[in-house]
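Only one chain is included here, represented as structure tokens and corresponding to the form predicted alone.
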Amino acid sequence: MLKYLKSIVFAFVFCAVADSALAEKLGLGRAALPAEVAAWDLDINALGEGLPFGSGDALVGEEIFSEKCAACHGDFAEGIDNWPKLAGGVDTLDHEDPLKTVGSYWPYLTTAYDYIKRSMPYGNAGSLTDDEVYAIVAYILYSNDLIEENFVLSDDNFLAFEMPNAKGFVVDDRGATEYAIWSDVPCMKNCKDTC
């Protein structure tokens, strides 16, 4: 029986990593249809590509947040126990122990939308509609004093909203500026004179 299970596991792993041409040649599976790929292609990048049609405001978002998010994140997005705080932390990034929240740290609002859409609520990820996610994001912005409660966040105005820490990140240019310094052959003899 164990030998049989091992062969099934091997076949499954083999099928999972085999490219589509090999899978077709061996009669294993088929290439995904464009509609199937589109159903799983849910990512939203910092430029807003992939952002779905929809809208929501903080008042509706507060109700949804209370029902689906507050058990972990608190009624006011303040976090409960070790669950993340989503609000607060203004002017703490230069402290020894900064409070990194959506309002104080995250550079792109699209990151919040994408993460909530795919990963929340805990235990039922991916169950929120696009409008519910817009409303929850609006409530989180409201909890961080970044919008008024009647502000309607939508796909039309989403990219116009600039997060407070948008300029707090820099491009990682170590490949151009530092890697050459550290990639030379290390000195192994009489190195003191060359340092």
Partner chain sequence: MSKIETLKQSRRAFLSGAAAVGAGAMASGEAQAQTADPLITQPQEWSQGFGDGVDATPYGLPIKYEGGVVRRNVEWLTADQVSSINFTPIHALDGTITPQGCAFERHHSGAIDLSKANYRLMINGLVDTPLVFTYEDLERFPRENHIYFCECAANTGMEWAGAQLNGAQFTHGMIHNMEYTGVPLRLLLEEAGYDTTGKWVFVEGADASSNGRSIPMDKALDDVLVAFKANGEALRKEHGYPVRLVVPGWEGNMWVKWIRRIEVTNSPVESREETSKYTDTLADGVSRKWTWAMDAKSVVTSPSPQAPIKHGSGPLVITGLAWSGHGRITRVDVSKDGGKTWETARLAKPGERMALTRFYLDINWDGSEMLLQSRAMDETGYVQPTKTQLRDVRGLNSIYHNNCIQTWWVRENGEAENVEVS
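These numbers were taken from a predicted model, which means no experiment stands behind them. Numbering follows the first chain given and starts at 1.
Although it is not shown, the form predicted in complex with the partner chain is what the next lines describe.
**Student:** So in the model of the complex, does Val90 come within 4.5 Å of the partner chain, heavy atom to heavy atom?
**Tutor:** Judged by the heavy-atom cut-off of 4.5 Å, Val90 is well away from the partner chain in the model of the complex.
**Student:** Does the partner chain get within 4.5 angstroms of any non-hydrogen atom of Ala71 in the model of the complex?
**Tutor:** No, Ala71 sits far enough from the partner chain in the model of the complex that none of its heavy atoms falls within 4.5 Å.
**Student:** So, Phe53 and the partner chain: in the model of the complex, are they within 4.5 Å at any heavy atom pair?
**Tutor:** Phe53: no contact with the partner chain in the model of the complex.
**Student:** Residue-level question: is Ser127 within 4.5 Å of the partner chain in the model of the complex, judged on heavy atoms?
**Tutor:** Contact check for Ser127: no, nothing within 4.5 Å of the partner chain in the model of the complex.
**Student:** Since the chain is shown here on its own, which stretch among 60 to 68, 165 to 173, 127 to 135, 143 to 151 would lie within 4.5 Å of the partner chain in the model of the complex, judged by heavy atoms?
**Tutor:** It is the stretch 165 to 173.
**Student:** Are there residues in 75 to 101 with a heavy atom within 4.5 Å of the partner chain in the model of the complex, and which are they, in order?
**Tutor:** Asn82, Trp83, Leu93, Asp94, His95, Glu96, Asp97, Pro98, Lys100, in sequence order.
**Student:** Once you account for a change of 3 Å or more, let me know if Tyr179 and Asp94 sit closer or farther in the model of the complex, using their C-alpha atoms.
**Tutor:** It is closer: the C-alpha separation of Tyr179 and Asp94 falls by at least 3 Å in the model of the complex.
**Student:** In the model of the complex, the Cα separation between Asn45 and Gly175 changes by 3 Å or more relative to the shown form; did it shrink or grow?
**Tutor:** Distance between the C-alphas of Asn45 and Gly175: longer in the model of the complex, by 3 Å or more.
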